[in-house]
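In the block that follows, a single chain appears as structure tokens, in the form predicted alone.
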């Protein structure tokens, strides 16, 4: 019999994610996958999965899952309370559940996205080689809802033999390294300096596509718009308002606003944990 997970409560917003669909942008398919890829990989390693197994990405926690059969899980990413059968557990550790027990995530105290891996991985049918939900491209399984069941797969490795994998705490004000973007010449000479010397706050408009930021205006030297051109995760597009938009995992594969800078790939996991109302700063790599 195939093991499964029952979704008792999906929390704010939760999806199935793996490492996405790289290499398909030419046919209009974005990479998608976990927004905080390091947290997904760690959760999988802790339960003895290949790093690319599908797991769950939960925005701000609040997720409740029931396991009809014994299971091993791990929770990583944004810190939140974790309880199983009334017993408290910490993040970054393998957790053993008995048959019928619920895994309950509290609300994240810092950061935005929690990850739950189960040994064997989430075994929903792959679409274009991945099980990830692409919220913009409408690929993969729907967002989690109460009553949904998720099959558990059998792709496993030997148990890792560790009981704790601590991570550096998420900073109060993330500092994201950037390189000048391909259209930095579209901006006034001081615009890039403004970006890296000022603070920006994440507005309420935060999702898997990107983060709208609010702060000092990034003034353009040229008017008009670009023909659509390729976009990448971490791109800082600037619409006519002068307020940047930071692209995340489900960004469109093309964009028409000039890109003043691009967040380094190594800092995208940190960018994915920026929550509404949080300040963020940039500096040149």
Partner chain sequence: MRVLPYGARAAMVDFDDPSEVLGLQASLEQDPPDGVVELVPAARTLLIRFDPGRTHHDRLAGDVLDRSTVDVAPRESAEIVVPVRYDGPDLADVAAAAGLSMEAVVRRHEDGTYVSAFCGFAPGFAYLTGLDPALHLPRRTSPRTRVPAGSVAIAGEYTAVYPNASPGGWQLIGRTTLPVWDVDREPPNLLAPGTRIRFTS
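Numbering follows the first chain given and starts at 1. Everything numeric in this text was worked out from a predicted model, so none of it was measured.
The form predicted together with its partner chain is left out here; the points below concern that form.
A.B. asks: Of 46-54, 64-72, 212-220, 22-30, which is the one stretch near its partner chain in the predicted bound form, taking non-hydrogen atoms within 4.5 angstroms as near?
C.D. replies: Contact-bearing stretch, as computed: 22-30.
A.B. asks: With the cut-off set at 4.5 Å between non-hydrogen atoms, does residue 248 touch its partner chain in the predicted bound form?
C.D. replies: The answer is no: residue 248 has no heavy atom within 4.5 Å of its partner chain.
A.B. asks: So in the predicted bound form, is its partner chain close enough to residue 193 to count as touching (4.5 Å, heavy atoms)?
C.D. replies: Taking the distances in the predicted bound form, the answer for residue 193 is no, it never comes within 4.5 Å of its partner chain.
A.B. asks: Wondering, does residue 139 line up within 4.5 Å of its partner chain in the predicted bound form on heavy atoms?
C.D. replies: Residue-level check for residue 139: yes, a contact with its partner chain.
A.B. asks: I'd like to know if residue 177 sits close to its partner chain in the predicted bound form, meaning any non-hydrogen atom pair within 4.5 angstroms.
C.D. replies: So residue 177 does not count as contacting its partner chain.
A.B. asks: Among the candidate residues 182, 79, 106, 120, which is the single one with a non-hydrogen atom no more than 4.5 Å from its partner chain in the predicted bound form?
C.D. replies: Going through each option in turn, the one that passes is 182.
A.B. asks: What residues in 204-236 sit within 4.5 Å of its partner chain in the predicted bound form, counting heavy atoms only?
C.D. replies: Read in sequence order, the residues that approach its partner chain (within 4.5 Å, in the predicted bound form) are 227, 228, 229, 230, 231, 232, 235.
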